[in-house]
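Single chain ahead, by itself, as structure tokens, in the form predicted alone.
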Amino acid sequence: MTKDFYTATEERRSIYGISKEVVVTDEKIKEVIEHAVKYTPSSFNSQSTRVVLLLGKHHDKLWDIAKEALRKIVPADQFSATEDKINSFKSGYGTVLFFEDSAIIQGLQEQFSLYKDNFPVWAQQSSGMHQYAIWTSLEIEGLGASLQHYNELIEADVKNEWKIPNNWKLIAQMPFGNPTAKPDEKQFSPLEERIKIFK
């Protein structure tokens, strides 16, 4: 599937209806992620973003972990809706986990103390760019995705399950798969209220 950047930007949406029946190869998905991680910018060229791709049983395990973490805090009489939501993510083909390497950020804070308060902010900005680059690239390949944030609830179990270094901080989870439902029409605020141009 070939889409230009404008089209991919327009059609990239939060897709919650996803399935495991994809026509894209694992090698292509790996290529998408490697390209984004290599070429997405970061402040001071810190390259602090870390990405983990979970496929197959590993993807399923992630959402089982999330379900059990939520079961501990969601009242039993309200858990059904939560379980349905988590199962919708598990129905997908894979999940991209986004991390930031806090050791790199702390090293930059020590090396450039004048900017120490900015480095965590800049790292989040770079992480967001990585998320957008991968999300849009998955759209180009015909895959639907959404961005989730169960970070504090699952981070310890995720690190334990996949032997993730302790200095990697979990930022977001992106379940993806074959789109099975179209998103609602997106509403846009007037661009005149959001952009100023001086010439």
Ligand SMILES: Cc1cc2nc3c(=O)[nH]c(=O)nc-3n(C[C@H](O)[C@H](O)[C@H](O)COP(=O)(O)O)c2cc1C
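Numbers for residues come from their place in the sequence shown, where the first is 1. Since this is a predicted model, take the numbers as computed values, not measurements.
Another form exists, predicted in complex with the named molecule; not displayed. Remarks below refer to it.
The site is open: after superposition of the local C-alphas, no atom of the named molecule, taken in the predicted complex, comes within 2.4 Å of this form's backbone or C-beta atoms. Among K163, K57, H149, K38, the residue placing a heavy atom within 4.5 Å of the named molecule in the predicted complex is H149. Although the partner is absent here, K182 lies well away from the named molecule in the predicted complex, with no heavy atom inside 4.5 Å. Contact annotation: W168 falls outside 4.5 Å of the named molecule in the predicted complex, judged by heavy atom distances.
Contact between R13 and the named molecule in the predicted complex is found at the 4.5 Å heavy atom cutoff. Scanning 176 to 197 for heavy atoms within 4.5 Å of the named molecule in the predicted complex gives just one residue, K186.
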